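This document opens with one chain alone, in structure tokens, the form predicted on its own.
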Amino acid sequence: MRASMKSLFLIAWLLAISLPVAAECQLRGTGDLALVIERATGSAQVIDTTHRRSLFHVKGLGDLSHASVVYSRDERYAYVFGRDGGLSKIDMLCGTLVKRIVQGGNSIGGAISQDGRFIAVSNYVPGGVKVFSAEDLSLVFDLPATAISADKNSKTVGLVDAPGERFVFSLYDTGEIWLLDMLNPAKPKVTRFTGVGRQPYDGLITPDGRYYIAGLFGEDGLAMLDLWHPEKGVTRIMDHYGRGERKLPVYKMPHLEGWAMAGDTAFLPAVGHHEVLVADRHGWKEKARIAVHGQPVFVMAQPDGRRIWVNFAFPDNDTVQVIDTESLKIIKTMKLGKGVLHMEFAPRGEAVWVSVRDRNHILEFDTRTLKPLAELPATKPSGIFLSARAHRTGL
């Protein structure tokens, strides 16, 4: 008996030392964690935004040249969408790659369902949306986009989650918006809206989850779907905002996901123009324009709506401008180095994190004083994604 007990203790000890990953896991909350994408090396850093330090370095994530991230509702797991069609699940407390699959040939982002059960991925190639189990990344539903030739489907873009276990996305090549209802995963429902405008390139959903808005690359304007009343169809807003103006070459598409709302006012990037568009949210009519340094990529509001932060496409991607939402005036222009790619606010808005690709670091700024607070090294950083995104619709 004594020998048997010794054997059991020995087996338990051997099992314990054979699991070094678990021993490194953090015993802590997840609410102040963030994932920083290192696009050139296919890796990411897990950082602690309270103590401003790096916790883990996760490798083997594939092509991250246009990567985005969503979080499980408990904030423990991050799901990374890679440009090579890769879908990766990362354990934020252990800094480990739980699982990675390659689900398409060219992917452009994704979303997590309202209840956290499903991960949807938007694909350029083969064209369409695939839905996976958040638990084990098994395929739940494969929805091909509209065919544009015998062997090619439309690119899908602007995929967001919506209330009611729904996903909404746009079809770039065929000018459509589709609404995918996953309330009953055994029988998903798809509602298609056609003729919404030329080349919808990205989409956003309002913070309350009511309106889905797709930006149009092929014409000046936006297409809007009221998700409370989808039976009314898609309406056009901000139509012909660039009428009579020559559109400039676009080196990087504006991103609408990080859009800006301040009270009853929306701030949006103008495609092919050095302007931020200002619209009344109730009537969705243009009420002002703000001339800015270059072509805006992200136009983002602090959580309190007091200021708007804007970064720009090449060749002006060394600059961030801060706009006062009352006066609509630029109050600060900052030169941070080439490759300012992304900004992310702390949940309560006291700070903002900014990635500067060509300087291999991320910066933190005080949003009240506009002064720098911290600098962390990162290899060619792009997206910065705080875990608090888990509790926001459309992010």
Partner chain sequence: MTNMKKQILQAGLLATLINGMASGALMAAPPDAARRSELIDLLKQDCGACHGMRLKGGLGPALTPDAIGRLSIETISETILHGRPGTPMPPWQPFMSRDEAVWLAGRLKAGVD
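Numbering follows the first chain given and starts at 1. Note that this is a predicted model, so its numbers are computed, not measured.
One more form of this protein, predicted in complex with the partner chain, exists but is not displayed; see below.
With the partner omitted here, the stretch from 249-257, 286-294, 67-75, 114-122 that lies within 4.5 Å of the partner chain by heavy atoms in the model of the complex is 249-257. For the three residues 166, 189 and 298, a heavy atom within 4.5 Å of the partner chain turns up in the model of the complex in no case. Contact annotation: of the candidates 309, 172, 178, 267, the single residue with a non-hydrogen atom within 4.5 angstroms of the partner chain in the model of the complex is 172. Out of the listed residues 236, 274, 83, 210, 83 is the one that sits within 4.5 Å of the partner chain in the model of the complex by at least one heavy atom.
Taking non-hydrogen atoms only, residue 217 approaches the partner chain to within 4.5 angstroms in the model of the complex. For the chain shown alone, residue 331 is not a contact residue for the partner chain in the model of the complex, no non-hydrogen atom being within 4.5 angstroms. Residue contact with the partner chain in the model of the complex: residue 342 places no heavy atom within 4.5 Å of it. Using a 4.5 Å cutoff between non-hydrogen atoms, residue 62 counts as a contact of the partner chain in the model of the complex.
Within 4.5 angstroms of the partner chain in the model of the complex, the stretch 359-380 places a non-hydrogen atom from 380 alone.
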